[in-house]
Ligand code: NAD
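This document starts with one chain, in the form predicted on its own, laid out as structure tokens.
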């Protein structure tokens, strides 16, 4: 990493629009997943730093930030989005080196972040209350108001996108925010904070406290001065955060894991479906909560789908993030170990195909070949547990009822897709699938900033993205005025 990549002080936290050293003076090493080299030092924030950030956010609510009107907030958020677009290439390079994803994917994330800010900028003055018909002599209406200080704990796989859908929505509603990025990848979170300052966001509206989850994350999720917590990450950590917030009776939005299926019926257009079937499983090296790791196929088309997916897999190339191939490295040696452990459990399965790792990769990188397994039963470990790596399984089904049974047969419920030309079937299954999002003859709808996102079961609860996120980052007040 060269000096031009870091135009901000990565070894500091960001509080009150200032770069401040952590009170302990301690730092953490941030490594490059592509080769294991040291990228930079980041701040190791702890309880005292979180206290300082929350206090600053509280002051912002009573200061300049809290006094802004909704249109004024919107103008600032819009400027933030425009600055993100201007620096999209810089942000993409940071994200690629930090997370390990190919440059083209990182660039798409930067553009998505800008789009989130544009969307929420335009939505600031469009969240309305309502009037309620009531008894004679009364006028009753509702107001949407910010929670106050909101805490945002974001993961390492999609920092920019998740900051946009979480922090962007919270700021649009007038909350003051404290952001704790993942210790494995926090550079674009810090860069975004500097962009927010440059765009004119008043001090204290956005504060960033990098550090370990067990220290900074735990301090934020249990802080008595925080009125709402938003978390995206693992089921295990999500349970800890919800328990910590419960002690303060604080609402929590959780977006956790997934084991998302795509259902391919006998009347599906396989050639149209093929890129969605493959890309939804291997994007960001499969390190995606909404990754489609299960492909469910009607038995009459099973061999055809496996054959065509295998042909695509054999062409996949894995390499360093800045080489911009199909797939980059996993985030860490630990994650590589987890994925390889799952692969070891696939010895009884048929390896239909796998991609290739470039000969040019550094031995210190965390690379895994993408793998496609067929002959998989719905009960198999690889069909039940979230792998969080570039591994997909293909499962056969007999009929519509069987397909629904398999699709709903895990503890997750985040995303699903239906591939069929039968309109009646599309509508039936869209209702029956236990999933926060259902796509018909597509997967992901191009990211869908406007589309509410969240799950059920172990996939979490609450909704992000779209207007639903604004409702989640606000509280409803009812006013009843008696005038007779």
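Residue numbers count along the first chain shown, from 1. As the structure is a computational prediction, the values presented were derived from the model and not from experiment.
What follows is about the form predicted in complex with this ligand, which we do not show.
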> Considering this ligand in the model of the complex, which of 283, 232, 354, 161 comes within 4.5 Å of it through any heavy atom?
Replying inline: 232
> So which of 221, 292, 188, 150 reaches within 4.5 angstroms of this ligand in the model of the complex, heavy atom to heavy atom?
Replying inline: 221
>> My question is simply whether residue 253 lines the interface with this ligand in the model of the complex - judged by any non-hydrogen atom within 4.5 Å.
In response: no
>> I'd like to know whether residue 157 contacts this ligand in the model of the complex, with contact meaning heavy atoms within 4.5 angstroms.
In response: yes
>> When the contact criterion is heavy atoms within 4.5 Å, does residue 388 count as touching this ligand in the model of the complex?
In response: yes
>> Since only the chain is shown here, I'm wondering whether residue 101 would be in contact with this ligand in the model of the complex (any heavy atom pair within 4.5 Å).
In response: no
>> To test your reading of this chain, name the stretch in 361-369, 237-245, 132-140, 312-320 whose heavy atoms come within 4.5 Å of this ligand in the model of the complex.
In response: 237-245
>> Can you list, in sequence order, the residues from 333-354 that come within 4.5 Å of this ligand in the model of the complex, counting heavy atoms only?
In response: 334, 335, 338
